[in-house]
Each structure stands twice: as C-alpha cells, then as structure tokens.
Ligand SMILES: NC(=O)c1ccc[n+]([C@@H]2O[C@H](COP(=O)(O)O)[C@@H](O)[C@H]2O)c1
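Given as structure tokens, the chain that follows is alone and in the form predicted alone.
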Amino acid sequence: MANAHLTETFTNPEGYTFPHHRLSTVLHNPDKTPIVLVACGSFSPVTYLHLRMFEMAKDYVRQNTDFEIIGGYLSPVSDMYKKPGLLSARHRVNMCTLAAEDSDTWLMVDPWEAFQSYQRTAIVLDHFDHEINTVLGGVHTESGEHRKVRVMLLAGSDLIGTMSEPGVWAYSDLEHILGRYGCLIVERAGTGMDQATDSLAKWRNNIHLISQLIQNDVSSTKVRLFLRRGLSVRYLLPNSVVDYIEQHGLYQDETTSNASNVEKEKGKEREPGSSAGGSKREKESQSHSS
C-alpha cells in the first residue's frame, strides 16, 4: 500500500465528528489484517440489499481471507451529485442512521461526504484512512501491538462494470482505489463480474468477488417507483426507514422521467455541470449504489 493520500488536508463539514462508536479498537486475531468496509452510494433510500451486502462481505471475509473486520460504514453522496431521484442529504443520512442503528453492532454512517461538495471515491477512502489510522491511531492487538487498519471499498458488481469501461474512471483513481485500498464486490442481479474483472487484471489480487447465493434485485429505484404508485415497501426496507419516509411524505413528487433516468446514470457519477462528452472530470467519476 502506498503512503501518500491524494490530498494533504481534508475539509470537514461544520460541526463534523467522525463516528467511531462501533469501531473495534482491538484486533482479536493478531495473525489477521484489520479492515474497515466502506460503502459509498446515494442510498435514496437505503434498502435491505445495501445492508445485506455487509453481511455477505462478513461471511466472505471470515471464510476466504486473512482479514478481520473491525467496522463498516455507509457513506451517502453529496447533494452536489444532483442525480435524478436523489433526496436531500439530511434525509438520506437520517434514513441510513436509522437502518444502521437497527442492524448489526458494527455498522455506522459517516456524513462527511454527504454534507459538503462533490468528492471522488478515492478522496472519500483517503478520508476514512486518515480518520481511522492518523486521528484514532488504528487498532491494537490484545497484547498491545499497534496495527494499521486497511480501508476497503464495498460495492455492487455494477461498480466493476463502470471501472472496466474506457474513459469513465481516471487511471490514477483506479490505481489509488484498487491498488492502495482494494475492494469487495458483491454480485448484483443482471450484472456479470468475470468479463469486467479481466480488464482490471492488474489489481486482481485486491478485488474480492462475492457471489450472491440468494438472488436479490431490490433497488432504491424500484422502491421509489413503488412509493410514487402508493404501493407498500415494507420488508424491502427496515421498518424504521419506512416509518421515516411515511412521516415526512418522501418520494411522492419524483417524476417518471427522473425515474427512467436513474438507471441510465447508475454507476457513473459525474460532477454537476459536466456534459456527456467525456470531460476530464467525468474520467474521475465514481460509482455508487442507487
């Protein structure tokens, strides 16, 4: 892993504090590498599939790697993303927090990315690395030995699809994300992984592919469609998130045209104002769950 971050300083939102109340400070198996999983996405709204990704990753890590998970984070994108169907960051962070607090004891929500300007995935991962290893000092073994925590990206297989498309991601960002940090990729219905990873062979050892043994095609896009049609979304989302949506009357005014555009934009995040022609900033794009 390289030592340098892409930036020397990180701009924090006003009043921001890095959440670490569920982050383990002790590595229980000294023979393993401590890791933190970070899922970047719109989460508009967060669904059980988003949460299920963490559980699948936990099983994979336990059975197939020399890693030990010490924490997991949802990192909602900024409002500056301006993706069709994207609810305000305040609501998305609140829903993610409700979902995480109702779930397992190791999931948290970091609002750093949500409440500021557009940030590339590479910078977001650097932020986590800085907070966990520099500010908090990493973890210790039970014998007191200090260990640095490895940050890893957790995402659906549509991410790998965009990473393998020429011109979508900057090579420097791919090198930083896949070379420095690595990722765990969960298979998603309707997307293949093998062909996409062939073009990313340079980083193959840092790309961990997780098969989805029970097919689940729940998506935020479909949930928003259900809500606009007045259909129930219970058991697709945590009950606390469903209650929050109903209490605030969310997703009632999203237009059909926006909904159809979501799938077109899915997996390709562009800076606001960029064209479809492939600007330099587009090539620094990142991929997020819908």
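For every residue, the number given is its place in the sequence shown, counted from 1. From a predicted model like this one, the values you see are computed outputs, not experimental measurements.
One more form of this protein exists, namely the form predicted in complex with this ligand; it is left out here, but the text below deals with it.
With the site C-alphas superposed, this ligand from its pose in the predicted bound form puts 3 or more atoms within 2.4 Å of the backbone and C-beta atoms of the shown form; the site is blocked. Contact with this ligand in the predicted bound form, defined as a heavy atom within 4.5 Å, holds for exactly one of 176, 150, 127, 83, namely 83. With this ligand omitted here, the record of contacts in the predicted bound form names 119-127 of 119-127, 97-105, 198-206, 139-147, defined by a heavy atom within 4.5 Å. Using a 4.5 Å heavy atom cutoff, none of 23, 132 and 183 lies near this ligand in the predicted bound form. Although the partner is absent here, residue 40 sits close enough that one of its heavy atoms falls within 4.5 Å of this ligand in the predicted bound form. When contacts are judged by a 4.5 Å heavy atom cut-off, residue 73 does not count as touching this ligand in the predicted bound form. In the predicted bound form, no heavy atom of residue 87 sits within 4.5 Å of this ligand.
Shown alone here, residue 168 lies within 4.5 Å of this ligand in the predicted bound form, counting heavy atoms only.
Residues in 208-223 all lack a heavy atom within 4.5 Å of this ligand in the predicted bound form.
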